[in-house]
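First, one chain by itself in structure tokens, the form predicted on its own.
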């Protein structure tokens, strides 16, 4: 019971801190404009930008979904570290060219780039709506996964004193509160706190696991005793799937709307470069650690099903906390770190979704303060809908949620990554390619054909998408003057 009381007390104290940060961010705002609310006035420095990127990148999907997948697959899941490293690599192909244009043109949403890049072309409006709709769906998917993870952690750590359902609704309300009150400034400041808590928590949990098992070698032997096949060399199909996942994660993550908006929000190009340099080390410090946590759970908990596997992180925290008072307090720090990471993703996703819907889907001007109010109303509706869905659809694996959103989001990549480097890239072929890519991805899900010889159906769709868009652009006339200017930056 002491463990449960500590969990409830820690959660209440943490939420009180978040309320204070939200109110401070409210006082620090400079205007009610969309740029100030959604981008914090484009004034994020290195430390805050790095921590908000970190806390946003490593979410409930990472902290619950990745350990769950490591538990299911065994040592082959160590390749997840490579998946996250690929994201950093691909970002370097987009961010340096995109940010100067974004600052010059005053971009607020990812759709502002599409609107600017393909201005005046046939099909440009349809392309904007298609890209923005896919991003909105991916963001809603992301929010759903984060809310599920919040509920699971809260129920486990409070000993069901706060149920899964109440955990979802309580924390959804808190995220909605500080995102609405303080905007990106509150999101970034809370992300900074959440990023520090996450690093401390994961480090403490890994130390406990290794110390308790006698080290990595001893832990490996324990795992092999329970599941000898956990260390088998993967078959060729699985190895192909590794490379497919690297492509899926690396390319799709570059068009995360919340990540693109952080490119816009950086105080300067130098700040952005330094933040990304720090982010390069995070896959080793985070993804590798959560993978080891999932592997350690094989020896700790035998016979968990696919749904239960997503709960290995809170189950380990519970086992740790029951060893004594001090370990209960340490487990609370880990719990808050994990919960903080999940909430930091949810707040960023909600903020981006509100801005994308208000400006790109409903056509509100980024220069009017009324767009901010409209975006806040959208945030309320979306959060309520996703919280209800998270309660009703609890039995969905988090890794399945990750793959679904990535297979849709990767279809937006040509409109950003190819368009920013190639001036002849055209809107109409890009739209046709996107339509084919999305159709292939959806058909794969509908007919339960999510892999073709180990390759994700979304990656297959992306290859067809990019080929159609590039060939169609080559056969068309050269781009407009505005396109030549933007691609020569």
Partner chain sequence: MNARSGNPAAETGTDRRGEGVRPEPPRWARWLRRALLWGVGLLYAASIPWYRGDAPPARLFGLPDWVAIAILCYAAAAILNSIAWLLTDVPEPTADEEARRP
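These numbers come from a predicted model, not from an experiment. Residue numbers count along the first chain shown, from 1.
Note that the form predicted in complex with the partner chain isn't included here; everything after this is about it.
None of 168-176, 126-134, 323-331, 219-227 except one has non-hydrogen atoms within 4.5 angstroms of the partner chain in the predicted bound form; the exception is 219-227.
Contact with the partner chain in the predicted bound form, judged by any heavy atom within 4.5 Å, is made by just one of 315, 85, 380, 196: 85. This chain lacks the partner; the member of 293, 417, 246, 162 within 4.5 angstroms of the partner chain in the predicted bound form by a non-hydrogen atom is 246.
Residue contact with the partner chain in the predicted bound form: residue 211 places no heavy atom within 4.5 Å of it.
Contact check for residue 203: no non-hydrogen atom falls within 4.5 Å of the partner chain in the predicted bound form. Of the heavy atoms in residue 96, some are within 4.5 Å of the partner chain in the predicted bound form. Interface membership of residue 89, defined by any non-hydrogen atom within 4.5 Å of the partner chain in the predicted bound form, is confirmed. Residues 96, 99, 100, 103, 104, 105, 106 are the members of 96-129 with a non-hydrogen atom no more than 4.5 angstroms from the partner chain in the predicted bound form.
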